[in-house]
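Here you get one chain, nothing else, as structure tokens; it is the form predicted alone.
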């Protein structure tokens, strides 16, 4: 086997010298170097922002969605949506382990895993798309993928359904960061209550405790009703996060002007930066999880209104993020039942 670079630089085609994630094109030849893992891929769990964008471009035509995904992979050697910049994760079985990694990692050929690095990093070769589920943002494929030595992964748990696990692991960074940031007595606002938002709400309630307050905001009434029925928030607000003054007024009203100590933005639409900033108190903390966020708009927007807030880029990884996220499903039966039905 040829010797590979720990971070995958040997796979970069264009532009040379860059790392695989920002690279425009990578080598997706499914023959591994000595420090790589070859995966037989079954499912691509594409990020909500990328899938929504592709679905809109395709006019919700499933065959067109498939073709757009195949074209991206063919052109770039990975799934890296050229508009949103996001990817997703995959699940599959270990097909081969490079000679330099054998005996050094806790994996065996045939084990089912989910990659916890973005598809925007991962060399991917797809022979065929066998199915697509637009309700789950999941694409079923026959293909191969390469995991670099620096790549992270999780073995799929035996006590949770596979489709459920991969859907949750795709957003594992968000609730894990909530677990690190939120503390007892905090007012926590979560804008956007899709799967990432609901997992964050559970963790916020757990961390803020009875002395804190958890506020959920969503544009859709049916989603607000769902969050309320699952008991995930102390207060549920129906509001349009692209209208910052509307959100400011509603959050100010329910917090008596105190605003949020911690605000998490998990929405998959653009122009929600200012609503997030205005919802947060001076010197409060904002975590922008969504790839629809413009960090230029967020930085300049906060500057333009003289607001001092700590803004965190929503990385999808922090220590223990997979364990924290899967544990939420085990300790919250209502969420487990809801997501199991959704991803069955």
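In this text, all values refer to a predicted model and were calculated from it rather than measured experimentally. Residue numbers count along the first chain shown, from 1.
What follows is about the form predicted together with a further copy of the same chain, which we do not show.
Is it true that 21, 300 and 303, all three, sit within 4.5 Å of a further copy of the same chain in the model of the complex, judged by heavy atoms? Result yes, every residue of the spot touches a further copy of the same chain.
Whether residue 291 contacts a further copy of the same chain in the model of the complex should be assessed with a 4.5 Å heavy atom distance threshold; does it? Judged by the heavy-atom cut-off of 4.5 Å, residue 291 is in contact with a further copy of the same chain in the model of the complex.
In the model of the complex, does residue 86 have a heavy atom within 4.5 Å of a further copy of the same chain? Yes, residue 86 lies within 4.5 Å of a further copy of the same chain in the model of the complex.
Is there a heavy atom of residue 56 no more than 4.5 Å from a heavy atom of a further copy of the same chain in the model of the complex? Residue-level check for residue 56: no, no contact with a further copy of the same chain.
Is residue 338 near a further copy of the same chain? Define near as a heavy atom within 4.5 Å, in the model of the complex. It does not: once a further copy of the same chain is placed as it appears in the model of the complex, residue 338 has no heavy atom within 4.5 Å of it.
Just one of 248, 107, 100, 179 has a heavy atom within 4.5 Å of a further copy of the same chain in the model of the complex. Which one? After the contact test, the surviving option is 248.
Could you spot which one of 43, 37, 311, 69 gets a heavy atom to within 4.5 Å of a further copy of the same chain in the model of the complex? Checking each option against a further copy of the same chain in the model of the complex, the one that comes within 4.5 Å is 311.
Partner-facing stretch of 205-213, 218-226, 117-125, 231-239, counted where any non-hydrogen atom is within 4.5 angstroms of a further copy of the same chain in the model of the complex: Flagged stretch: 117-125.
Select from 148-162 the residues with a non-hydrogen atom within 4.5 Å of a further copy of the same chain in the model of the complex and write them out in sequence order. Stretch hits, in order: 150, 152.
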